[in-house]
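The chain below stands alone, shown as structure tokens; this is the form predicted alone.
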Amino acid sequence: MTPPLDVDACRRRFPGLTRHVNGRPAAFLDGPGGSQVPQSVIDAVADCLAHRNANDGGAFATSLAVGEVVDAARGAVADLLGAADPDEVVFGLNMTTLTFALSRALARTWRPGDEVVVTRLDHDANVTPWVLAAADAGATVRYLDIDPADCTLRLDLLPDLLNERTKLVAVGLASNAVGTVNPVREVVAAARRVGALVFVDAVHAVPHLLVDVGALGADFLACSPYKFFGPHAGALWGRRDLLERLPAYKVRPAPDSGPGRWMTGTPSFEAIAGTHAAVEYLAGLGGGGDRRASLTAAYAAIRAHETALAARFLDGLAQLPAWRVWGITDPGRSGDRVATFGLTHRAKPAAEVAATLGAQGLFVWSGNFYAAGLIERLGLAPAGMLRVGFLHYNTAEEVDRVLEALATAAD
């Protein structure tokens, strides 16, 4: 049995969670847009700036030290993602920037008549880079639709979108707007049958779910540390043979092999140090020792806690008929979603409600959250939704508080 998560102990490690708004404690329900960070991450960033502030590749102390920072962080992220080879991990500014760089490189291998598949559910960072790359190459873009009833992918339509001309399928692991967890392994299996590569956007999944790139079977996977309790940065995992073979856009002195050929320009070493610290924070929740084993235990506890919060929230929303939940609401399908909820009110604009809640110290988002295709597909553009997202540091009391505020906002 998984030991329960000590949420109070977790919260004490996050200085940002002590904020008050108008005399009331702030409830950070904005995790889908970016998480708070523990003190250990703040300390790691500051320590890198104070004691390892140099470019890497030199033969002097601070340069050697910052090189060690990068190597250690690469190993930590490899463990986080279940990757066997740390040299398959690339750091960048954010997932979007990394995806644009990869899409441009892949487009050089495509020809007119080739095809790319994207979905109506994804964050636009896993759509537009591929659409633009396809346009550059003269390739065709095909869209995998959703079922609006529960905001899940129509996998029954996928075989008709795939053929011998398909070069890439881009799919998210979890929706940042409505919380749907996609059956990525099934998508990968279908893509493999026609020889297509698969790119996975795991930005919204990593804060909630243990990722295993080997089990998923994908070719590339990207995530963002600032969503899993780290600083603003991006990380890309890719199969080593592909990272070595693809024509990376880089300056001439950059390495011709290894992850360095994809890290164009000087990275934020302090953010890379903070990323390492974020992984160590998560591993610490699992008891320490072997990092991957600790992460496995930690995510089991996180998943159990967040699933309980999600069930409590859905139970409360069932008593508020003025609100509609977009996505999976069946309690028996809790494994098919994370604790992120897209809501609309039958009369009140999402932005108005978000402002009302914000004044009460309830931090939520409104709009399309860059899931532009989904919002358009559901007929909710341009206003979009209200988004409430729970992370492992959120509490049952915060769930009840936001439910009370949503009931009041509906009056």
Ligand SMILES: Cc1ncc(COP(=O)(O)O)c(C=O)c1O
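Remember, it's a predicted structure, so these values are computed and weren't measured experimentally. Residue numbers run from 1 along the displayed sequence.
Here the subject shifts to the form predicted together with the ligand, a form of this protein not shown in this document.
One stretch from 211-219, 195-203, 135-143, 306-314 that, in the predicted bound form, holds residues within 4.5 Å of the ligand by heavy atom: It is 195-203 that comes within 4.5 Å of the partner.
Interface residue in the predicted bound form among 83, 95, 328, 117, criterion: non-hydrogen atom within 4.5 angstroms of the ligand: None of the others qualify; the residue that does is 95.
The single option of 276, 167, 337, 227 touching the ligand in the predicted bound form, heavy atom within 4.5 Å: None of the others qualify; the residue that does is 227.
4.5 Å heavy atom contact, residue 171 to the ligand in the predicted bound form: Residue-level check for residue 171: no, no contact with the ligand.
4.5 Å heavy atom contact, residue 125 to the ligand in the predicted bound form: Yes, residue 125 is a contact residue.
Any non-hydrogen atom of residue 342 within 4.5 angstroms of the ligand in the predicted bound form: Result no; residue 342 lies far from the ligand in the predicted bound form.
Residues within 4.5 Å of the ligand in the predicted bound form, restricted to 27-56 and counted by heavy atom: Read in sequence order, the lone residue that approaches the ligand (within 4.5 Å, in the predicted bound form) is 32.
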